[in-house]
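Below you'll find only one chain, the form predicted alone, shown as structure tokens.
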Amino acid sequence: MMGNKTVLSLTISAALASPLSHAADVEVIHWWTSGGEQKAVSVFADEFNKLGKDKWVDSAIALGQNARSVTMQRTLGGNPPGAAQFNLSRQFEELAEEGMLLDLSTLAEKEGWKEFIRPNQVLSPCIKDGGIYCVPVNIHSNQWLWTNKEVFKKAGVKEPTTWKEFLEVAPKIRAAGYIPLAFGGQGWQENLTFNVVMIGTTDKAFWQQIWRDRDLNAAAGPRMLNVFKTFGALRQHVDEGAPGRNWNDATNMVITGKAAAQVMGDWARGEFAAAGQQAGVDYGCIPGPSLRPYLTVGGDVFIFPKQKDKAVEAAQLKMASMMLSPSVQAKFNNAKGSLPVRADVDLTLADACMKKGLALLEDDDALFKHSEIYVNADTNGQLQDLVSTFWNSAGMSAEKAQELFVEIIQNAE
């Protein structure tokens, strides 16, 4: 049975396209290129194409920074795509400030986005000066250690729940003939792991001191130094083929039993599912590792650059509505490995790992905002460069890295 909101959504979608308007091609730029990601984005494409004569035109560009760069350049240059993927962050605020994005406020009000999108911090980055300029499509968190249960069994060690435990069992895993940590040596992956180590060795209060409050005493203190030391200690537990490796190739090392574990966001679950593996049986998902489980509230959003063709604009609004419909939210997020942005969806197919994430989503004390919500793209780029330099420079001390970190936090915007 369809609720009032669903009926209203369908009514709005039907009304958005005038009988006199022509069919529109909507080019969608995204960076979902792995096996699991392609299955997920196909849900959006198929569901949109079912709505009428308008067509989803897929433009997949490998790596998020590349896809975002193309979108920015084309939009600022006057040749925008119809829709584009960004992270739940400040990455697209320049386009919103320049008035280049379609304001979705009217659609959002009619469909009740503020009533069903949860938690509140998922929609808040889309809101600027009273307008709504993006559609959040999922909730992703980075704080996960994915494990191959058979490898841990053969190595004779327990799956770690803290970074201290991981560093204790890693030599035994190596001695048993396995790579302790599957790792992709790309800047964004290095930065992701650094942030996972940071929250895993500290706590939510310290995280907020650094990112929300920009507390220089905390940034220069012993807890932050321990973050750099712990992160640096992981270097010895990755293999020589790590530099430049794609994240999904690292995930495949865990799937095939070459490596014991990988630090990656919950989108990795889509790769395990695509390989036919069962959560809790073939592979494990450990929130953290950390002293207590946490869940970053990050994710993916879609923006819709303004178009001269009104038929394209009408199609953009239909696409935005489709992405948030209950049935599509269930199908897409089950394939993607992420959590839906609305609670009123059918999650009977949720596996053991997805259920862990859903349970954490109900715990306010476990939720915290991703660092990119607090700093702009330029500051985030500086941080990523520092983390990458430290990871790839064995001669760089943790003390020196911390000193540079403090300078970045001091000047962060």
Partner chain sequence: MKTNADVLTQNTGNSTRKRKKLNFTSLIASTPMIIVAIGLFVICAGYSIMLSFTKSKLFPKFNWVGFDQYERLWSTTRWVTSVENLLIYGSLFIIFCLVAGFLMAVFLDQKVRFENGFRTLFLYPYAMSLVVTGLVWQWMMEPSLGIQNVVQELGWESFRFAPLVNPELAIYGILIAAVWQSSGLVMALMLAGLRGVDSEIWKAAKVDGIPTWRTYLFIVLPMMRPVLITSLVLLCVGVVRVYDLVVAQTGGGPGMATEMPAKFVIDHITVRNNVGLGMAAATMMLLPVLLVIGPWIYREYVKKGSRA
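The shown structure was predicted, so the numbers you read here are calculated from the model rather than taken from an experiment. Positions refer to the first chain, counted from 1. Heads up, when I say rigid core I mean the largest set of C-alphas that superpose within 1.5 Å between the two forms.
Heads up, the form predicted together with the partner chain isn't pictured, but that's what we're talking about next.
The stretch in contact with the partner chain in the predicted complex, judged by heavy atoms within 4.5 Å, is 380 to 388, chosen from 380 to 388, 45 to 53, 353 to 361, 32 to 40. In the predicted complex, the partner chain stays beyond 4.5 Å of every heavy atom belonging to S59. Interface membership of N120, defined by any non-hydrogen atom within 4.5 Å of the partner chain in the predicted complex, is ruled out. In the predicted complex, none of the heavy atoms of I173 sits within 4.5 Å of a heavy atom of the partner chain. Interface residue remark: G257 is not counted as part of the site for the partner chain in the predicted complex, having no heavy atom within 4.5 Å.
E240 is the sole member of E115, E240, E109, D213 with a non-hydrogen atom lying within 4.5 angstroms of the partner chain in the predicted complex. Among I286, M72, L234, I199, the residue placing a heavy atom within 4.5 Å of the partner chain in the predicted complex is M72. Although the partner chain is not shown here, in the predicted complex the stretch 98 to 122 places heavy atoms of E98, M100 within 4.5 Å of it, in sequence order. Once both forms are fitted on their core, the CA shift for A359 between this form and the one not shown remains under 2 Å.
Relative to the superposed core, Y374 undergoes a Cα shift smaller than 2 Å between this form and the one not shown.
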